[in-house]
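Let's start with one chain on its own, the form predicted on its own, as structure tokens.
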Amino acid sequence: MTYVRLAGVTRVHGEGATAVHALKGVSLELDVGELVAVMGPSGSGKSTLLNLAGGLDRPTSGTVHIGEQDLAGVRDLAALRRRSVGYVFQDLNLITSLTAAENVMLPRELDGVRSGRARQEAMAVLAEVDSADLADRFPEELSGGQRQRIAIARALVGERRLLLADEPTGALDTRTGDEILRILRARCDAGAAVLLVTHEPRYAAWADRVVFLRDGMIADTTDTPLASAR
């Protein structure tokens, strides 16, 4: 079942001679239970694609659907993102003054969930990423891999069915990077749709499909051996 659909999406930054065409007529569908990796050189439009797919940005033309909703008609995009979309940002964006559990709880509390229930949900997802023992530690007390797992837990908490990850393994060693991909793959296999931006072929191999961007357009799409085996 298709959960995310981008149809003829173009994103232009600026106007006139200084306009930058970040994406040019891109169409892409992402199914529930599917992990799609996005690869391409710097400036090819990878992060722009991720931002549009999750409603962090709006297209200049074309349409973006999450589930049955056309994002152009959604009045409260922030609420939709809190409930349906999880993000793992390249720089993680953890709040240093909050503990790991409090960072994970925050999206749920912003959505009106009482703190007790929010903490229960946070602890459950921290356990899912093997980090329950880090709940009361602050980000500065954690290693890079531990912080990455907390960021993923924050993206997973609640009923979110779409997970967007922008270079989530960029600053990690190979072993820790593999652990992060194992978590993303498991969540995907449990029914989420995952869109992963990466420059590493070894991590793209965890995906069902790899989309290659160049100059703001899809240059190629390739099924991985994993997809063939399913």
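Computed from a predicted structure; not experimentally measured. All residue numbers are counted from 1 along the displayed sequence.
Although it is not shown, the form predicted in complex with a small molecule is what the next lines describe.
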**Item:** Segment assignment from 188-196, 59-67, 170-178, 36-44: heavy atom within 4.5 Å of the small molecule in the predicted bound form
**Value:** 36-44
**Message:** A22 versus the small molecule, in the predicted bound form: is there a non-hydrogen atom within 4.5 Å?
**Reply:** yes
**Message:** So in the predicted bound form, is the small molecule close enough to R214 to count as touching (4.5 Å, heavy atoms)?
**Reply:** no
**Prompt:** Going by a heavy atom distance of 4.5 Å, is S115 a contact of the small molecule in the predicted bound form?
**Reply:** no
**Message:** Can you tell me if Q120 lies within 4.5 angstroms of the small molecule in the predicted bound form, counting non-hydrogen atoms only?
**Reply:** no
**Prompt:** Quick check: do H13, T48 and Q90 each get a heavy atom within 4.5 Å of the small molecule in the predicted bound form?
**Reply:** yes
